[in-house]
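Taking the form predicted alone, here's one chain by itself in structure tokens.
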Amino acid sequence: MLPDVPSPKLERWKYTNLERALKKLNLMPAALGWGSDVKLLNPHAPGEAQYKDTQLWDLNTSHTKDIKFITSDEIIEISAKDGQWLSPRLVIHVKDGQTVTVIERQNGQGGYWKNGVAQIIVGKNAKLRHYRIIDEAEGAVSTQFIHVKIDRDGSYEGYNHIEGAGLIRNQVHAELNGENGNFSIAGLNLLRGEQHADTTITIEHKAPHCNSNQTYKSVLDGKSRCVFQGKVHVHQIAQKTDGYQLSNALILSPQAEMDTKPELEIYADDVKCSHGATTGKLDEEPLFYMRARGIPEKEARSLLITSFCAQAVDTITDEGMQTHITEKLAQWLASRT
């Protein structure tokens, strides 16, 4: 029997049918072996009262047997096996004045469901670099919920690289609670076949002089579908806010689909907030120019797609990680038939 999960009747879930995807799987609750003796910082989902669609957070709270508490640099691999229903929870606390880098590698084999939660606190004058590489199995379902709270002069740099899984829902809720806070998140969605990737982001500006930036690039092939919902909510107290969001999609197949829903909800007077969204095919003019100079068509297309993705990849400040992501993009492009 399937647990209670959000349905497309809910506003923030109207593009993603999780129940339909889960019905294709034969699942049993499983554990990674981390243990669960760490006290949860917050058992309640952000936006619970307002949106009434956060059942997956509650489901993780009630089922998790794997809780990892992180206060320093760490690389985590979360790997699933066929038939598993995993409910891992990361609790990341960057203390005042610290700089921490956390790398998540998500993968697995067969058909499984990962319903993960990450609770993140960034202290005063602290910085977290949080890089997530999601390369799940083709038959997998992955639902991830990240909650970030940023104190005064704190900074969060997030990057999400999505390649695998049949269905992915990546939900982020960030709160800028102290002055001069900064929240930056970027990502690449590289989709093919019948893959479905949904990125839903809510950023709450609750203090003055804070910045937020969302930069997402999506490349869609085959019958894949991608969703981007980005919301910037500026509270009345949050004067001098600077909020920006960008979603660009490149459609490589006439059967692919992109759904984009940018939102600005502003209650302060002195702000700079903007959003941009584009969806289109590869520009044939530079492609023709490159082919006329002897560059093979596949190589020319790959160069143009790499250039399209560069704005998101360039947000990564760790040189080693930026190189790694560039290599993964090249491998994905090389594997296209």
Partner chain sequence: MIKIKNLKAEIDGKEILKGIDLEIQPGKVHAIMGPNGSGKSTLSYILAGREEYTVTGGDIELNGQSILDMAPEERAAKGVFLAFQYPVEIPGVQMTPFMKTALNSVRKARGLKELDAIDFLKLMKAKCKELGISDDMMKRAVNVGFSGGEKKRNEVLQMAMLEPKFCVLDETDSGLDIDALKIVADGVNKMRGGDKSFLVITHYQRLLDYIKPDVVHVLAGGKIVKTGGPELAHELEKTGYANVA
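Numbering follows the first chain given and starts at 1. Since this is a predicted model, take the numbers as computed values, not measurements.
The next section is about a form of this same protein that is not shown, the form predicted in complex with its partner chain.
Partner proximity in the predicted bound form, defined as non-hydrogen atoms within 4.5 angstroms of its partner chain, places exactly one of 56-64, 23-31, 277-285, 264-272 at the interface: 277-285. Within 4.5 Å of any heavy atom of its partner chain in the predicted bound form lies no heavy atom of Ile70. A residue is said to contact a partner when one of its heavy atoms sits within 4.5 Å of a partner heavy atom; Gly35 fails this definition for its partner chain in the predicted bound form, lying far away. Put simply, Arg291 is close to its partner chain in the predicted bound form: some heavy atom of it is within 4.5 Å. Shown here without its partner chain, the chain has Ala292, Arg293, Gly294, Ile295, Pro296, Glu297, Glu299, Leu303, Leu304, Ser307 in 292-316 lying with a heavy atom within 4.5 Å of that partner in the predicted bound form.
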